[in-house]
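Before any questions on how it binds or moves, here is one chain, the form predicted on its own, in structure tokens.
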């Protein structure tokens, strides 16, 4: 079984990929999307979003990383797919799942699921541009306003020559509200001869097992669950014990130190508060601590709260 870390815009950046791949046996990580409009992007754009390209496309711990592209113009998507491969990406992925309004208004992401022919043309252009030994993959939702075209879109990806297909088992309208409709993935998996990756509502090892049982897939993709429980992939693949709150708090402080060493500290408060919104699901202690730190706006204040919490746990 493969466990893949999902692309999460504004959440799973290079630092988070590094931290999570160090403590989990991920088979693959997918980047935040590179936005493609109407031109071949310079190398620096790819390197900014995927600095792992400078390390043969791997995280420091050796986990392969795949660049994801988001766009609607087939030729440009093909040209940029080839550039990603030439820079060292382990395959290239097409984003047809992003539900963000600003992206959809620009005819990118999930809005394209209304037009299976466009999905086909984009993936085909990428496949034709990329040497056959490299993977060309796609991630879709079950639809945009409804799920009526879920199979048409899946077939479009396959017939365009994709290596494999990841499916987030919700429509754009469903957003991230439970449940995930895994049974739709089952139908696609039975219909397509290429590997299908199941994604949606996998928060723990039991969820992963049920998803595999329902879909018949041997590969899963985890997103929000991977942030909620930092060693989720390890629990799924090896049966490891889920991280305690003390372990997770220590990981957050390690992240904090590296974040502050690598970027301007004014970026940090929003990022750490965002992480807490995911941790609250797994750890009651996270909710309590978040109530304390959410009123603070400066990095120094938030770091002081985290460090005090760690000292209290040690006492």
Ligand SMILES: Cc1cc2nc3c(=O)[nH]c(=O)nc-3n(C[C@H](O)[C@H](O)[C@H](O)COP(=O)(O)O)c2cc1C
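Predicted model only: the values in this text are computed from it and were never measured. Residue numbers count along the first chain shown, from 1.
Only in words, not in the display: the form predicted together with this ligand, which the text now covers.
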| query | finding |
| --- | --- |
| Interface residue in the predicted complex among 90, 170, 127, 189, criterion: non-hydrogen atom within 4.5 angstroms of this ligand | 170 |
| Selected contact from 205, 224, 147, 134, since only one has a non-hydrogen atom within 4.5 angstroms of this ligand in the predicted complex | 224 |
| Segment assignment from 75 to 83, 115 to 123, 233 to 241, 194 to 202: heavy atom within 4.5 Å of this ligand in the predicted complex | 194 to 202 |
| Contact flag, residue 309 vs this ligand in the predicted complex, heavy atom cut 4.5 Å | no |
| Contact of residue 274 with this ligand in the predicted complex (heavy atom, 4.5 Å) | yes |
| Touches this ligand in the predicted complex: residue 9 (any heavy atom, 4.5 Å) | yes |
| Heavy atom of residue 95 within 4.5 Å of this ligand in the predicted complex | yes |
| Heavy atom within 4.5 Å of this ligand in the predicted complex - qualifying residues of 26 to 42 | 32, 33 |
